[in-house]
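A single chain, nothing else alongside it, follows as structure tokens in the form predicted alone.
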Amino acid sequence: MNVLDFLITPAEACQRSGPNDKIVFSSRVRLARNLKGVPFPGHAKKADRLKSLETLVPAVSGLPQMGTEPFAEAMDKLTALDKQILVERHLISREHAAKGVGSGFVLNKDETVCVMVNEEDHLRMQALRPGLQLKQAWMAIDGVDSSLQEKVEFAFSDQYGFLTACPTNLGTGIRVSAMLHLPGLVLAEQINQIIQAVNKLGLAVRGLYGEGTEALGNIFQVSNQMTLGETEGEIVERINKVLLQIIEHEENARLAQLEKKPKVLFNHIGRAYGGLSHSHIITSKETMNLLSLLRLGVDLGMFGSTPKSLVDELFLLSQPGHLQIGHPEKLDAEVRDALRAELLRQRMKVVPAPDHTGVVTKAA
């Protein structure tokens, strides 16, 4: 089956809800694991990578957590568009999208568990949940890890814990992260001090697609940097507490904007509505930033009963890979910008003009 046929629709994916999902898009817990006695993928020969791939894909596919019919495929069998779509949906890393022979990918039907085979490590297993659900994501991927250890033997040291290709993953091999929408802190010019404070706590703040990427649409990823010296549960609990504090700061920043600079805030949101509704050429970057303000307006009740899932769907559909779907010829940037604008104009027809009546009172 083609991966595009296997994936759930963007509309269905964006309708999922979870705790604190006005600010937290999603929670993810990832585990890095390697096979005992086998070279790490970056140092392995092609034959070794193929052998570990042939071992791991069936083992992962047969786990009860993957369901009856998971999607499993070698990366060299996926098209460039397939890989780009998976990156845009945050199911694989950009680094894994660049992999070819000897690497693979396994995904369960509801897209809550996905496994990269022979990325930087032999296994990068991750559980995804909507909203702030780090503990639930940890429990899910811990179950996958325990089930898989009954089938294969991982590289493990009594002194250092699980052995990984990168020293920063050594020990538990866990990476706990959440994707946050923080327009209030950005508009209040408080985001840099929040990032600095989070960094001092040993956490990393990255952009939309992880390390080295820009925080488009005021979306930031917060994750732990070290995995050695704490248990998995302690890491999850520590990050959860920090995220709750960030959420509180974002909520306070939104309230402060409403109380002190309501006209400035409404102007930003109104201009975003106009740009999305009437543009004929619009870049991906501009779209993300305008959709961020539209989502803020939806959260504040300025667009009637418009669901935030509509905005989240547009975040996804306006990405280059998703725009390419259905077009056999490769679209250049200029054509994409025009198609993106057309898509936005059509979808924005159901969104009423912004109305800030009573918003300040409601927020207070």
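Values in this document were obtained by computation on a predicted structure and should not be read as measured data. Residue numbers here begin at 1 and follow the sequence given.
Omitted here: the form predicted in complex with a further copy of the same chain. The next part is about that form.
Although a further copy of the same chain is omitted here, in the predicted bound form none of Leu323, Lys330 and Arg347 has a heavy atom within 4.5 Å of it.
Only one of Phe71, Tyr273, Phe162, Trp138 lies close to a further copy of the same chain in the predicted bound form, with a heavy atom inside 4.5 Å, and it is Tyr273.
Of the residues Ile282, Ala188, Val242, Leu258, just one reaches a further copy of the same chain in the predicted bound form with a heavy atom at 4.5 Å or closer; this is Ile282. Within this chain, Lys151 is remote from the site of a further copy of the same chain in the predicted bound form, having no heavy atom within 4.5 Å. Under a 4.5 angstroms non-hydrogen atom cutoff, a further copy of the same chain in the predicted bound form has Phe266 among its neighbouring residues. In the predicted bound form, Lys22 stays away from a further copy of the same chain, with no heavy atom inside 4.5 Å.
When contacts are judged by a 4.5 Å heavy atom cut-off, Glu286 counts as touching a further copy of the same chain in the predicted bound form. Look at 125-133, 96-104, 274-282, 179-187: in the predicted bound form, residues with non-hydrogen atoms within 4.5 angstroms of a further copy of the same chain sit in 274-282. Looking at 307-334, no residue comes within 4.5 Å of a further copy of the same chain in the predicted bound form, counting any heavy atom.
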